[in-house]
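As a starting point, one isolated chain is supplied in structure tokens, in the form predicted alone.
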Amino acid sequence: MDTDLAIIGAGASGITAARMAGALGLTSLVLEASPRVGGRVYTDQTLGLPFDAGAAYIHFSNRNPWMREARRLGIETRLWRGFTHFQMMADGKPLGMASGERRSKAFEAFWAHLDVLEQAQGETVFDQMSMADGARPLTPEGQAALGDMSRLGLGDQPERISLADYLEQWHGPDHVVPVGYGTLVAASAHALPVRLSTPVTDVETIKGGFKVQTPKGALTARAVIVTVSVGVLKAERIRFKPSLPNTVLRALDGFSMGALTKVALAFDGGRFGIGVGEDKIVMDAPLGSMTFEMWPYDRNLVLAVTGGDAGRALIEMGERQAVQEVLRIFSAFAGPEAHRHFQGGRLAGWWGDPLFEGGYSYAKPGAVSARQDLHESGVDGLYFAGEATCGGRFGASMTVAGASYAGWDAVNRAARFIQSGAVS
């Protein structure tokens, strides 16, 4: 065999797996389809002002391994103040304190309703429910608030997302990385055995391990860890020989990929009377409510975020039109001077990228077991790892931490498999 482990994908999961393999004395090769590391954790520098085009928050930072890694690398992190501070806007004007208070009460009513359901019927009552089902007892305004949370936080419409899957997620304080979360993850990959621009097309089980095919040739490995997104797996960009077990195929059917989408707008220094951190949420944006993070880290940059069908609509416009549309929405409250001071923009649309097929995974209603079913590949020596498989033991799916936990877990399982002598 050429290596102990072939690791497919150099995102957070693949990077963690390669680091762990080295710590355990295993050889590994990381095969990455794109010309860079980091996957969906990417700090974009093309506007001259860095911004995180993908993941931006070190979630539940009190138990997130990337806090420890940031300390090891000497990279600064800061406590994030949370998502409740956005000023609500409509028709270019603030909606006032009362609107925000009504939304807060709607969220309180949502959680109170779930508590009553669980006490009456038990935890499994949520297994077949969507996020929208959980919000049905709320007022129309409350349902709209839950819809915004679903699209802007989870990346898709609430009727498509499993409520049980959402309720399994960990919560805690978030930190941010001024130089970029993507910068942190890329720094962690330094000196690892990564082959960039090397997409894997086939994984074949052979005597003694696996044959992994790429356009640059094949290599053999005792075990394989697949860290690509479930969107890529569902699109069958990698062929498996023999075919994956039906349990895995059913698990993949239980997933979809969200479309959390960002547009960055760069300006020449004009800030239109809006201060740093005076963030907005535009409720009447024509594509669906959209947040605007104002001047992050005091940079002349505005980050607009939307998701779900609104995110897909932006992506389908293409970058040029999407940037102009977001600039138009921004100008409605910032004023016409915004166009004169605008310097350039970028669209970060993971849903439209064939290397990722979406921002991150969510389970469909009724498919709460999909994460665990994918975790158990059913093929000796073949392991799936990434944010999609980090459920059950770790309530960290849909996050960079979850991808890392899954990479760590997969290497430990692969090491036990190799050391057991099962490879022959």
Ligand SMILES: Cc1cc2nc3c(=O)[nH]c(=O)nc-3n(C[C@H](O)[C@H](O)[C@H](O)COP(=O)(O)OP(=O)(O)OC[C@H]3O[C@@H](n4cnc5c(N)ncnc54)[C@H](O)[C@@H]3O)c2cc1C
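Predicted model, so just to flag it, every value in this text is computed and none were measured. We number the residues from 1 along the sequence you see.
The form predicted in complex with this ligand is left out here; the points below concern that form.
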This ligand contact at Gln87 in the predicted bound form, heavy atom, 4.5 Å: no
Leu260: touches this ligand in the predicted bound form, heavy atom cutoff 4.5 angstroms: yes
Close approach of His59 to this ligand in the predicted bound form, 4.5 Å, heavy atom: yes
Heavy atom of Pro199 within 4.5 Å of this ligand in the predicted bound form: yes
Contact test, all of Pro296, Val302 and Phe342, partner this ligand in the predicted bound form, heavy atom 4.5 Å: no
In the predicted bound form, the one of Ala334, Ala135, Val326, Val228 near this ligand [non-hydrogen atom within 4.5 angstroms]: Val228
Stretch from 162-170, 199-207, 136-144, 279-287 whose residues place a heavy atom within 4.5 Å of this ligand in the predicted bound form: 199-207
Sequence-ordered residues of 351-383 touching this ligand in the predicted bound form, heavy atom within 4.5 Å: Leu355, Phe356, Gly359, Tyr360
